[in-house]
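Take a look at this single chain, the form predicted alone, given in structure tokens.
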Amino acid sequence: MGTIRTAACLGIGTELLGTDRLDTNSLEVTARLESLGIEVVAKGVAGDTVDGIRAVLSCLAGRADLVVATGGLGPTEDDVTREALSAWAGRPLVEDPGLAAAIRERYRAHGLEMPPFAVKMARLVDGATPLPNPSGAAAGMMMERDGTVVAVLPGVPHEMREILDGELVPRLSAMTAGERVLRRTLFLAGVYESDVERRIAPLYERFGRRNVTVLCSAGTVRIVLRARGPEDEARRRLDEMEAAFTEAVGEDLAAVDRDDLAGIVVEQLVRRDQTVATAESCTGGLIGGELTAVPGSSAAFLGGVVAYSNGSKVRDLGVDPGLLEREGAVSEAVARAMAEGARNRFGTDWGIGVTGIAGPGGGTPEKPVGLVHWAVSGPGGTRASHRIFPGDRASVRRATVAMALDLLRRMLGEEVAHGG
């Protein structure tokens, strides 16, 4: 078996082609392989048919030095991974006496007689190396054909992990080029993908476009940086990339290798011994929910008001009825008043206020669906912003939460920078 630099993952199981089961095994396999410097270049899923598995395996084997497949090694009729691997390799299945004895003993230890069909779990492709399963009856196997190494593991997650860590990773570690694949994620908030792309595009030529991945979500962007090589060299390269990209994105950078915006805000508040309260309309308590999901947030978050109606805005937050009549509930002035009202009601250092039209109805030409105003009131005054968010109701609300928390993050940072 030669040096392994690239790999592909194959999830096997008809259930993975439906809507209620995800191929999570490939995520763990990918993490282990990257720690060995093996780059995952493709992933596939196949149903429980010999022809289907064989076809996807053939496709993946043509793209990578290694294919790691999971699933289809049980004793039932639809477990046909062995048969598919046999067909792909052009070699017969043969019974391994040691595996057969271990399976028989496993049944006996549970007070059961091994049923005749269970013996299929002791069959390996001729010439394959067994990968013992300490937690189950179905062993994995490892083999090579035409320069491609194929390893097949059970689909049961805890069994897969035990064989992966105890058997496969140690074998693969001796077959790598001695390199590592390292990643670092820059988490940006309050910004959009197109703006980020404009600023970081000049760096692609320097570091290689394939070593940078940009992932966007509602109100946040993640820049995943990748470096490959001997570990010290890869780490130095990654440090160089981080410095360059950090300079390009500036104050939009919220954190490195984490993406919990609420947690970042809570940490800033606790560090400064400050508190926050919320006043939410269109988000219906989602901002408070994000904050209280953070362990230890009780030291910083004192409470919130879901002021969905104008009456609640007046009664619970002290918003001027005349202001509501003049400006309308969805306006910068009302968002400011809500933030200040939350701060006053709870006696906090900071207050957040949001009001908008999340949709799908309720919009007008002047104030369309997706228009949201948010404001943050603090020791240095009140700041507000607004945007017309695209997408459905859930997307608008998620983006609003991110933008409001990010405005607080930025204002907290400015307080620190100015010695507040």
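Take the two forms, find the largest set of C-alpha atoms that superpose within 1.5 Å, and that set is the rigid core. Not measured: the values here are computed from a predicted model. Residue numbers here begin at 1 and follow the sequence given.
Just so you know, the form predicted together with another copy of the chain exists too; it's not on screen, but the next bit is about it.
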query	finding
Partner contact for R409 in the predicted complex: another copy of the chain, 4.5 angstroms, heavy atom	no
Touches another copy of the chain in the predicted complex: K43 (any heavy atom, 4.5 Å)	yes
Contact flag, D51 vs another copy of the chain in the predicted complex, heavy atom cut 4.5 Å	yes
Proximity of M142 to another copy of the chain in the predicted complex, heavy atoms at 4.5 Å	no
Proximity to another copy of the chain in the predicted complex, single hit among S194, S309, S217, T129 (heavy atom within 4.5 Å)	S309
Candidate from A254, M121, A337, V305 lying within 4.5 Å of another copy of the chain in the predicted complex - any heavy atom	V305
Partner-facing stretch of 259-267, 297-305, 235-243, 129-137, counted where any non-hydrogen atom is within 4.5 angstroms of another copy of the chain in the predicted complex	297-305
Residues of 15-38 having any heavy atom within 4.5 Å of another copy of the chain in the predicted complex, listed in sequence order	L16, L17, G18, T19, D20, R21, L22, D23, T24, S26, L27, T30, A31, E34
Core-superposed C-alpha of L408 shifting 2 Å or more between this form and the one not shown	no
Per-residue C-alpha change between this form and the one not shown, R54, threshold 2 Å, rigid core fit	yes
